[in-house]
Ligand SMILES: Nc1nc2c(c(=O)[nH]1)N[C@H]1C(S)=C(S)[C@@H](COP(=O)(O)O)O[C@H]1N2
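First, one chain by itself: the form predicted on its own, in structure tokens.
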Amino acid sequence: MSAAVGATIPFAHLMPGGLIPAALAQATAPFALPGKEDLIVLNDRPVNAETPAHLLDDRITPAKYLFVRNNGVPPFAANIDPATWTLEVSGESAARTMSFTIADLKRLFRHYTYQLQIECGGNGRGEFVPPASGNQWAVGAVGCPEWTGVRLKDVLEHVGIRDDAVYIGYYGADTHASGDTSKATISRGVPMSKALENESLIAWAMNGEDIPHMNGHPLRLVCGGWPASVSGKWLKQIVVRNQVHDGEKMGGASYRVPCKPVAPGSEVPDEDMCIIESMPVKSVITYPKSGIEHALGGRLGVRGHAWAGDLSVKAVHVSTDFGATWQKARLEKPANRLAWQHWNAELDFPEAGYYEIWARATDSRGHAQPMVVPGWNPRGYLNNACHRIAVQVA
């Protein structure tokens, strides 16, 4: 918010939740985030914003269209100096404690660039009934930029990993929304098997440029295919643990779902909740924009992306009759592992009227997207129901 109004806000801790500052309310342009274009702001304390589906049409998500997800308050941009930024690697299962500047990381380790898909665990939350608490994301809390950095495993192996290591956790420079500096905002992590994958990066660049401030500049983790909450922003510390990391938002209902299906609205004990790991198969229609008019008799080209967490997508189908019949789309291979895959199809319409185009992806293990919202859970995670758009044929 400070970045948006161009100054610090001394009494920010007293601002009511959801308040739009008068300086922005009086502006002729709608509320916007620096470096972002046309994102839908869901919350301003903390700042969270998603991308309309039709703006996700690029093969590589541009910085201006990458969603923003915060659990707390980002460090003030003017106080960030990449030249002095340090990352500490420590923990009970680290052989030693070491600190690295960004220059150290660039000098000591080989650089890698991967296109990696990240998605908020609550993407699609707005469709759950009864409603789940949290930002009511539609489908736009997802993106697939190119990330450049060093492999997390190279840094961990340089520091040394003890035999009892089972998990890593992270800590960032963002602060708690309450203003209490003794409280951690979010501190999540992944098992060692995920941390040691080739594609798990400590990144300083996105699409060949500095990572945008709201997406974690100057340093962040990127663990593609898992909920984006494990890809810590404004990265300051990595801890190597001999147990499942117990940082903030690793317990309770945070980024966890019932281990077994439950009835909608149920209260689920903590011990019956499981940590979200690989995200489910999903797709999005990025062209055309929902609500367009189309002339009867002409074919309509449609396209989008599909992804499947740690897996790949083996097929995408589209329907114009509410899922009664399906047409196979053309599907491309990913740019690399954990990148989304592009698909396209051409559709005919038998007569004038209102249509919906539905997209359904199937992963490499044969799991397909459901046509309706999947199993309810207290926080509204993992909604991978078919995306659909409206078309008026005249």
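Keep in mind that this is a model prediction, so the values were computed, not measured. Heads up: residue numbers just count along the shown sequence, starting at 1.
The same protein also has a form predicted together with the named molecule, omitted here; what follows describes it.
D174 is the sole member of E127, D174, E88, E146 with a non-hydrogen atom within 4.5 Å of the named molecule in the model of the complex. Among the residues L152, V257, V318, A228, the one placing a heavy atom within 4.5 Å of the named molecule in the model of the complex is A228. Stretch-level contact check against the named molecule in the model of the complex with heavy atoms at 4.5 Å: of 212-220, 261-269, 96-104, 293-301, the positive one is 212-220. The named molecule is not drawn, but in the model of the complex it has no heavy atom within 4.5 Å of L201. For the chain shown alone, N71 is a contact residue for the named molecule in the model of the complex, at least one non-hydrogen atom being within 4.5 angstroms. At a distance threshold of 4.5 angstroms between non-hydrogen atoms, G232 is in contact with the named molecule in the model of the complex.
Under a 4.5 angstroms non-hydrogen atom cutoff, the named molecule in the model of the complex lacks L116 among its neighbouring residues. No residues of 138-156 lie near the named molecule in the model of the complex, the criterion being any heavy atom within 4.5 Å.
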